[in-house]
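Here we start with a single chain on its own, the form predicted on its own, put down as structure tokens.
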């Protein structure tokens, strides 16, 4: 695996790959890697892409400085995992390489309600910072395909819209959420869970799966939401939201006939750790959310 810290070195290597006729598959990460991240590498390899991963803890998408400080950093661990997964190139830039002093690279796009609901209500400025760094990394790597995980569904939906608004020639591929045996979605933040909170955290997935069963059975959406919130509270979690939304607009749905693609999304505090998860209730299941820009 090649490891790059400088944009110029990475681009030189990528140019040689393109010259040999190879396509580039890219997965942006903030490190503290787990099986979910590695599934993105494997998806790129399965598609025949040269697999490129970035590790960059992006300060502009943290609205809480303490959350940024506590975010786990374990580069040696990450490098070993990527090597075993067959990743071909790792980009680990310093802050000044991504955000050169004196340059304003902020992405200023109107995402409408996509950035106002759910995470947007509780993490002001997060999605502008996320869109800015993803756009910056895409400009550097110039991949044919961008691989992202379903767990961050709202983020993925906003990136999809950004690609459309900017007419970027990148195919977005959503990869299914990878879970622990008890259903908890793999996340870098899980490392910070205390043992009692780790035992309580699978309640998110229990609430989501019950919501899917009830939604398919035709139960009122308001009742499904209240039952999910009760499940979380009974487990000792502190929910911020549990929403059933249109998978494209992220606007709340109130009936089973609201649209062809419906997703349940949840955020809750497990002690001092904030966890998110989601589950497709109906429509484009099994992580099948491949869409070209435009």
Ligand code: AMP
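Quantities reported herein were computed from a predicted structural model and do not represent experimental measurements. Positions refer to the first chain, counted from 1.
Keep in mind that the form predicted in complex with adenosine monophosphate (AMP) is not shown, yet the notes after this line are about it.
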Options 151 to 159, 113 to 121, 135 to 143, 93 to 101; stretch whose heavy atom lies within 4.5 Å of adenosine monophosphate (AMP) in the predicted bound form: 151 to 159
Output flag, 248, 252 and 283 jointly within 4.5 Å of adenosine monophosphate (AMP) in the predicted bound form, heavy atom basis: no
Heavy atom within 4.5 Å of adenosine monophosphate (AMP) in the predicted bound form - residue from 107, 168, 178, 199: 178
Contact label in the predicted bound form: residue 34 to adenosine monophosphate (AMP), heavy atom within 4.5 Å: yes
In the predicted bound form, residue 231 touching adenosine monophosphate (AMP) (heavy atom, 4.5 Å): no
Non-hydrogen atom contact residue 30 with adenosine monophosphate (AMP) in the predicted bound form at 4.5 angstroms: yes
Interface membership of residue 210, adenosine monophosphate (AMP) in the predicted bound form, 4.5 Å heavy atom rule: no
